[in-house]
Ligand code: AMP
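Shown here is one chain on its own, the form predicted on its own, set out as structure tokens.
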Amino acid sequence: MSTIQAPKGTYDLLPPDSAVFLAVREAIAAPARRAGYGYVETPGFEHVELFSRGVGESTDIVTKEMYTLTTKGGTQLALRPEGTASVLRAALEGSLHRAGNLPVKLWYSGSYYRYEAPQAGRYRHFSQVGAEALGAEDPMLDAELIILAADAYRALGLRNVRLLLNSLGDRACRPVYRAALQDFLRGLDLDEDTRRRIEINPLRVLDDKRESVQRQLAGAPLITDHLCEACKAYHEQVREQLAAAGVAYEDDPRLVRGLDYYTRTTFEFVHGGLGSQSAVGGGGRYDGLSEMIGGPSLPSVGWALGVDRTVLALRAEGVELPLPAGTDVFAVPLGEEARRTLFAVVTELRRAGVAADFAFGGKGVKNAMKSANRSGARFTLVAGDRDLADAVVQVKDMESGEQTAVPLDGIVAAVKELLA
């Protein structure tokens, strides 16, 4: 074992588990791609201001969890703790919003970093797939994104994912609720850090997971009782579209999530089999974020779904994904001439789209066949001097054990036919 290990709170993805993570990423991204979302990739680090201004200076992410560094030139950078602010920054910098074709619909996948206490389902390095729709204020767009996420979970075979839904209001009605919530919170027995948060962003207090705080929030005013008529109508249209699409949801008037930029629609997907880290994904509308980071008014909505926690949810339900075989054909040469011949065959098979591997290292037949079994190959190609003299290759079906001699010059076509 190496004397240098992965940093605390991180993990390595290694075969065969890595195949499951790849399958989950693909399943989450597939509905978004079908809905016209184009791929975007952003740097792993950004200027600190992007997150302090966008995510919010009062959030735990910015105050406690963000990895920051100072370059030799004195620039303050941060490893990205979330994806939305980076994607919006990239779209603004690339002037995608000026093309006249709004909304700009983007999806992304990558690793994110937060300094948290490591536990099952909570890592300091984690993987997400996200989707963002920039530049349109339309309840059907909110519904579209929620439906795409729900369809991704359904395609993976998850049955116990629940959707929690709320509205956080807008610039017209949230200040009234904010004042009412502050009045209530000031009367509670809270520590100094939490009291400071009341004055900066009182909604963050509702997101406090400590039992001592949650007990005191039982009588807190609800945002749903303070929504203006426009926000009520908007939220009702989102709910109607979800119901029409057959997406079940639960109204949760206390759902605020951990970021300051959300407005109106807010949602979270949770799974009961993950313990305290039950959220597997979520998102919402963030109509003011563009202006927070120095851009124009650009109403937007999006989500991020956790790959790590989705894998844990699959394991909790005992769902095994149908994974593609890593190897369809494994070549076992007997002798030096066969090594050269079968290596050329393997190269030709790969170029023809067949997943093929080779018994490297001059293994004997017994060890080579063990390698073929471990690879999961459906067929092995075996050839020795006598086969080559007859210009044939022995094709062995690894399930039935049947073996057939196939002409060398037709081996690629024959293998493709067998696999089909």
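Keep in mind the model is a prediction, meaning the values are calculated, not measured. For every residue, the number given is its place in the sequence shown, counted from 1.
In what follows, reference is made to the form predicted together with the ligand, a form of this protein that is not presented.
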Margin query: Does any part of Val161 reach within 4.5 Å of the ligand in the model of the complex? Heavy atoms only, please.
Written below: no
Next item on the list: Determine whether any heavy atom of Gly135 comes within 4.5 Å of a heavy atom of the ligand in the model of the complex, and answer yes or no.
Entry: no
Notebook entry, point to check: Does any heavy atom of Glu337 come within 4.5 Å of a heavy atom of the ligand in the model of the complex?
Noted result: no
Check: Is there a heavy atom of Arg309 no more than 4.5 Å from a heavy atom of the ligand in the model of the complex?
Finding: yes
Notebook entry, point to check: Quick one: in the model of the complex, does every one of Arg122, Arg257 and Ala304 get a heavy atom within 4.5 Å of the ligand?
Noted result: yes
Note to self: Looking at Ser86, Gln128, Thr341, Asn166 here, can you tell me which has any non-hydrogen atom within 4.5 angstroms of the ligand in the model of the complex?
What the structure shows: Gln128
Check: Which residue, Glu348, Glu317, Glu116, Asp252, has a heavy atom that falls within 4.5 Å of the ligand in the model of the complex?
Finding: Glu116
Check: Looking at 210 to 218, 135 to 143, 182 to 190, 274 to 282, which lies within 4.5 angstroms of the ligand in the model of the complex, counting heavy atoms?
Finding: 274 to 282
